[in-house]
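As structure tokens, one chain now follows by itself in the form predicted on its own.
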């Protein structure tokens, strides 16, 4: 294609389609501009910045929801045609899966579904900050700018299709997070946590960037769809051995990139930032990092892993090594996270180690997917692995948000975050008792006990590992350790529930009285934990997740 023809294609075909797909993210960018204007004109005295942020996020959520429904119904949903028309959705734009922005990003149901989840979570976090009063009115513009900016990076991560965009998306997710961790000014522990986080993050970014340059240099491309075929072409008929320079350089490049992804997922051994950051940050920020970062990074990890699928023997060997390496990381993360949580006295640190353990459970599904693709070539089984991960992330959103929301609300009442401050919490008023029950539901679901949604999410993950075990026995070892770690986790969650329901409150403390609006919010985010495990919504989510995952493999 000549340069004029290429330019014409980009301006008249690719750009309009890209803008149509990227419209919700542009709405979020406009929201950030509006927040900065509110600060510039000192309008926050009469226009709460939290409501500006919430309105912009709601608009973006509606836009992504319209895209998802358009793709699901081929634009034929009668009651939503007005919404489709408002957002300018077309069959050649949103209705067609494929790359956009000249191949830097890709558009499909998988990316749109993750974007819906991330924006829903952002709305719930913003509502939480309005109820808790963090940030205050003077700092709201800065806080919500950082929060929305990090979310834009996560939304981009869901559709990454290029090694360069992989690095950009992770950095867009990370840089605002560094500031949010230290946002509570005047607290030494917050400043120290933010400093550690940014130093570690800068080092990891350098490692990851070197991996990007090494991998693109060896394979001669930055595009995800070409990575596997280029590797197969370079390997030719050569055996995959550690004496082959192409194989070694490719593995090294992948490892260095995975360092950056593992850092965002707080996987062992790149978890070291997580406990300090969660303890130093406000509970609202810690809750955001524990869920949103995981969702965006897992979507990116799946995209990157699937770039190396193929039928060539060398590619299949690479898939197997990739999957087994993730299986080892899964074992380490599950075991370390659960064992380290035993000794914690601060509830946010305990939840941080719980987050590390749950990241280990979740990466088990990606490991199983890669092992299955390396041997059986069963795309249905591989899609089931991704489907299980999607289900687990959707449930994890509500479980962890409920836990951190309760921490935030109790902090506002007691000014403490240690486990002892929860002694006798259930002896408070009616709303406090209700919130205590919601915390019980969240923790029991985090353990993975039936009939709550956490059980079915964990069952889907474990089923993936069981199927992959028929390809390589090591996944059965991973599955066994996952089961043992589920038992381990029961004890430290019960320790917190023992303080809430069994231990008496300290004599000098007054009963915790939680406002009704706060109780209503906690109940609202707890109900999905019940609904996704004990109602028809479970089947609906499972079917949607499987449909979304199947499209990754063109089934």
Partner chain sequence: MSPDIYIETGTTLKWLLTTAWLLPLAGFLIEVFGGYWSGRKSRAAAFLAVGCIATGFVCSLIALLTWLDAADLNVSDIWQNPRAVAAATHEVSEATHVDHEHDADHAADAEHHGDHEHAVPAHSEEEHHGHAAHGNNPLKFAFNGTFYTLAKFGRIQITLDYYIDGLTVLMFTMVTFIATCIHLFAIGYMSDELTESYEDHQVHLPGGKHFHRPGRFYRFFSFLSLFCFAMLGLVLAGNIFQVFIFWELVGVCSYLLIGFYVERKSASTAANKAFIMNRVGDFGFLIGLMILWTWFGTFQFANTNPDQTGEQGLFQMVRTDAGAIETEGEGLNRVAYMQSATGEHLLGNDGQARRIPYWLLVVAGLGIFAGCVGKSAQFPLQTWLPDAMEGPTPVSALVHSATMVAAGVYLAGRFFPMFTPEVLLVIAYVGAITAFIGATIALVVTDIKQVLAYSTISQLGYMMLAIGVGGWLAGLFHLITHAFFKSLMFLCSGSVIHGCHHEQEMTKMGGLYKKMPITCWTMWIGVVAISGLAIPITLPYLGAISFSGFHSKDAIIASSLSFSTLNPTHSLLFFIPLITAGITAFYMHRMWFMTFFGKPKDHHVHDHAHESPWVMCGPLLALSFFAAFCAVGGESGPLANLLLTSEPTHVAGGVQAAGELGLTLPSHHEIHECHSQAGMMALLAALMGTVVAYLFYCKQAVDPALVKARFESAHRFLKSKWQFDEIYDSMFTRPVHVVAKWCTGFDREALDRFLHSCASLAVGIAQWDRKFDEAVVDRIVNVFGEVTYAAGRTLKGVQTGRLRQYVMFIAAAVVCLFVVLFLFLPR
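Positions refer to the first chain, counted from 1. Note that the coordinates shown come from a computational prediction; the quantities given were computed from them, not determined experimentally.
Another form exists, predicted in complex with the partner chain; not displayed. Remarks below refer to it.
Only one of 117, 275, 424, 228 lies close to the partner chain in the predicted bound form, with a heavy atom inside 4.5 Å, and it is 275.
Though the partner chain is absent from this view, in the predicted bound form it lies within 4.5 Å of a heavy atom of just one residue from 232, 440, 83, 251, which is 251. Stretch 341-349 is the contacting one of 296-304, 148-156, 341-349, 400-408, since its residues have non-hydrogen atoms within 4.5 Å of the partner chain in the predicted bound form.
The shortest heavy atom separation between residue 459 and the partner chain in the predicted bound form exceeds 4.5 Å.
When contacts are judged by a 4.5 Å heavy atom cut-off, residue 72 does not count as touching the partner chain in the predicted bound form. In the predicted bound form, none of the heavy atoms of residue 65 sits within 4.5 Å of a heavy atom of the partner chain. Mapping the unseen interface onto this chain, residue 353 counts among the residues with a heavy atom inside 4.5 Å of the partner chain in the predicted bound form. Remark: all three candidate residues (199, 242 and 270) come within 4.5 Å of the partner chain in the predicted bound form, counting heavy atoms only. Of all the residues from 471-503, the single one having a non-hydrogen atom no more than 4.5 Å from the partner chain in the predicted bound form is 488.
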